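The chain that follows stands alone, in the form predicted alone, written as C-alpha cells.
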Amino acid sequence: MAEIRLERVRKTFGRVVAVKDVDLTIADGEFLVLLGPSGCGKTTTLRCIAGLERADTGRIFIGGRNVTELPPARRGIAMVFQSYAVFPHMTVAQNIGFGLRMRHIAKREIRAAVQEAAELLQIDELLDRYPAQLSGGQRQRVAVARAIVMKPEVLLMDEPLSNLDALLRLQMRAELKRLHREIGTTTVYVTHDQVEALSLGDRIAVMREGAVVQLDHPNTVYDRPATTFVAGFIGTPPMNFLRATVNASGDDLALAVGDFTVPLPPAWKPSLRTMVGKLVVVGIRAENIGVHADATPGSLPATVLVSEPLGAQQLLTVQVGKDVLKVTTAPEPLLQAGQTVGLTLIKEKLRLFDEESGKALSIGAGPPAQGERR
C-alpha cells in the first residue's frame, strides 16, 4: 500500500505562506495532479512529500508510515524533475541504473532491471548512447526510467514536460498515461498546464495561494468548478462570465442579462428562490453557446470583435453589453469583426456563482463540486 496522507501541512518562507494547512489523501495507485498558477504552492507541496522541504507543521504519511521527519532516501519515493538531471558523462543504461548501483545491487539484476525499464519507456535501443545524442523527449524518458527502475512506492513528477515542444508534450502525455496504467505506482504530478491535468489525472487538486480550492475528478472540475477562480483557470478558452439578476415571474425563474432574459430549468427553483432580486455571476463554457449569423428573436445580441479560424472550428471574441465572451462555432461561414450575431445559452450548462465570494451556488442536478479542504 502506498497511500499518501497530508494532515494540515504548512510551509512558510519568511513571511510568505507557501502551503496553508493542506489536508490531502491520495489513494494507493492513484494519479493525482497538483494544478495551479506559478506561486500557488504546488511544487512546495510536492517537495514536502518528497522530504526536500521540511514542513513547518503537520504530518505526512506514505503507506501508513509517518515520514514527516524522514530524509528522502527513506521515504520510498522517486522523483522526476523539470530539468532532466541526467548525467552527461554516462550512457543511457548507466543513467537508468545509477540508483541501483548506489544500493549495491548485483550487476546482473541491474542489467535486467534497466532493460525492463527501458522497454517500458521504449528507449531500449538507446541504452549505449549518451545524453548529448538524445532528443529532449528521449532524455525525459531516461529520467522517468531512472525513477521507475527503483520500484518506488510513490512517483513524484515536477512539471516534467514543460521543456518539451507542443508535439512532444502530446506524445509524452500518452506515454505517461500508458506507463501509469502498466506499473500502477501512486503518482503525484505537478503542472500549471490544465490540458495535462485534465488528460492525465485520476483526480485534480487545484491550488491557489497555498490552499487546495477544489479536489475532484477532471470532468467535474471542468464542468462544475467550485469557484470562479477554478472556472477561469480550467479550460481553453476559460469559462465565460456574465453578471445577471435572478428574476421571478409567477412560479418561473429567469436570469436577466441586461434586457435579455434566460429562463432557468424548473429543477433549479428550490435552490434559487432565496436569490430572487440578487446579482449572481453566470458562467458558461464557449462550446455551450450557440451562434446565429443574425440576432434572431430570442437570442442574445452580440458583436463580433475578433474571429480566429482554427481549422475544425472558429473561435469568436464577442461583446455582450459590457461583457466580452469567447465562443466556439463551426468553421463556416467565417464571421467578420463588427458583425452582429445572436447567442443562445444552453440552460443546463449555466453555472452560477456568488457575486461576493466567487463560490459556486449549489443548484440543479449532478454532484456538488468538492471545494477547499482544510
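Every value quoted in this text rests on a predicted model; they were computed, and no experiment measured them. Residue indices: 1-based, along the sequence shown.
The form predicted together with a small molecule is left out here; the points below concern that form.
- Remark: of stretches 35 to 43, 22 to 30, 59 to 67, 310 to 318, the one touching the small molecule in the predicted complex is 35 to 43 (heavy atom within 4.5 Å).
- Within this chain, Glu159 lines the site of the small molecule in the predicted complex, having a heavy atom no more than 4.5 Å away.
- For His192, a non-hydrogen atom is located within 4.5 Å of the small molecule in the predicted complex, even though that partner is not displayed.
- Remark: Ala18 counts among the residues lining the small molecule in the predicted complex, judged by a heavy atom distance of 4.5 Å or less.
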